[in-house]
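Shown below, as structure tokens, is a lone chain in the form predicted on its own; questions about how it binds or moves come after it.
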Amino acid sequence: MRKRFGAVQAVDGVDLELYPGEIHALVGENGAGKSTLAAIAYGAVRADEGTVEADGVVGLVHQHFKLIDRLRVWENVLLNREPKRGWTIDVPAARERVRALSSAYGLAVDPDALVETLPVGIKQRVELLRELDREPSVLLLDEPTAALAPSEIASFFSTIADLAKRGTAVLVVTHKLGEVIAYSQRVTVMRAGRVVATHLTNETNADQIAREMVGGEVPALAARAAMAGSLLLEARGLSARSGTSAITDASFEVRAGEIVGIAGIEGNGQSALADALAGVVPFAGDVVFDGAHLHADDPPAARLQRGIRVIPQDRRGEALVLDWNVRDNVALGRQRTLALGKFGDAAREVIERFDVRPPDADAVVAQLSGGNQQKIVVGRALTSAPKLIVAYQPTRGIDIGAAALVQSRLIEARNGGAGVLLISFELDEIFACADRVLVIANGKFVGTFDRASIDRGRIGALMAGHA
């Protein structure tokens, strides 16, 4: 297969075979061509050269959701396949079909919930259920666990393994090498649009795959300086709601030169916490930032002026204007204070420090890979003199090298005196970066650990609601 987008050769002479009953992992750096190849196999993108042959229905779960936000869950899952009663849709039957489907696959959803009110992780479940309802013989999964909690991933892959046992050919596009080793039978590595290796998974290891992905050694995290300083953010009795997410009577602190990690299963109040600090939703309680109170009705622009930077969980829906170029997206939030002639300088700084590919400030963001879009969002926040960084899933959907780069930049910001509130569903990321860990469950903080006392088992139990 070959596919070019403008000057970028996204896929360059790739051969790939999938077999019934097999889970095949496809890995590579951001921009390696993985998602494009999956979209070609599905029929969503027309290749310039090559042929695709498939036996039966091909299903694709997109990395970026293809949902209709103003419809309910059951309407999205069963769109164009709704059960009928005469000339009308049998709504009770539709709800029951979605309930049965979600139960069978261990992907709990409320059939009547409006999609626009759901957090990212639940939206991803809806995407999965929509394709599983079609009973595909070939299932293509593009970053399927990017927004699932650790406790949900094993259940998800158990479902995928059952599908494979029934003869489904499964391709998993992923950056999570632990999942590759644990759940796949074969793994193909792409770099710069080409296949560089294919292995039986039990004959390779994560270190070898990582080196093949990046063409060398994976960069180490930045060194951590011991420098937690003065109190930067103090919240007392913080309560807020954002969609279906709620946090209640939360009290916590973030010091300058400190990364505070929030560990919890998706849907336990993280969105409400981030949106309250960003100024997207009102809050109750007392919040003091940099010596002065934050007011519940302060708009996001006021938070930006005071030095609060937010890396949202949904880059496409909340952080980027996809039809704009890199230069203008980097300027967002600073367009009133950054001289027009400096837009290009700001974009070049992000491109260089975060290795955005292609390195072109005029590139339209919609044409970049998801990982390179994420680099722009993170780079914009970290290169604009932040005092407090609220980083919500900052490495979601990016490859192992890019994740290490982003984590290093967060640590460098912390070493430079910024405070960081890191909300992540990847415990390894929390443990690698955080100076302190707060555990959240049911909208409340239920445990605190400093770096020396981090206990994975205990934190996992608290996340699951076991005191």
Ligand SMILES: Nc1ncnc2c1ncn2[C@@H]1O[C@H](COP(=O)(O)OP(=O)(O)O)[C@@H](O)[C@H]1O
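Keep in mind the model is a prediction, meaning the values are calculated, not measured. Think of the rigid core as the biggest set of C-alphas that the two forms share within 1.5 Å after superposition. Don't overthink the numbering: it's just position in the shown sequence, from 1.
Heads up, the form predicted in complex with this ligand isn't pictured, but that's what we're talking about next.
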Classify A461 as contacting or not contacting this ligand in the predicted bound form by the rule of any non-hydrogen atom within 4.5 angstroms, answering yes or no.
no
Report whether the minimum heavy atom distance between Q407 and this ligand in the predicted bound form is within 4.5 Å. no
inquiry  = Would you classify V420 as touching this ligand in the predicted bound form, given a 4.5 Å non-hydrogen atom cut-off?
reply    = no
This ligand contact at E429 in the predicted bound form, heavy atom, 4.5 Å:
no
Per contact check vs this ligand in the predicted bound form (non-hydrogen atom within 4.5 angstroms), the hit among 34-42, 410-418, 437-445, 53-61 is 34-42
Across 1-30, the residues having a non-hydrogen atom within 4.5 Å of this ligand in the predicted bound form turn out to be F5, V8, A10, E29, N30
Answer yes if the CA of A192 moves 2 Å or more between the shown form and the other one after aligning the rigid core, and no otherwise. yes
Did E29 shift 2 Å or more between the shown form and the other one, C-alpha, core superposed: yes
Take the rigid core as the frame of reference and indicate whether the C-alpha of V11 shifts by 2 Å or more between the shown form and the other one. yes
Working note: in the predicted bound form the C-alpha atoms of F431 and G28, off by 3 Å or more, come closer
Working note: in the predicted bound form the C-alpha atoms of H64 and V378, off by 3 Å or more, come farther
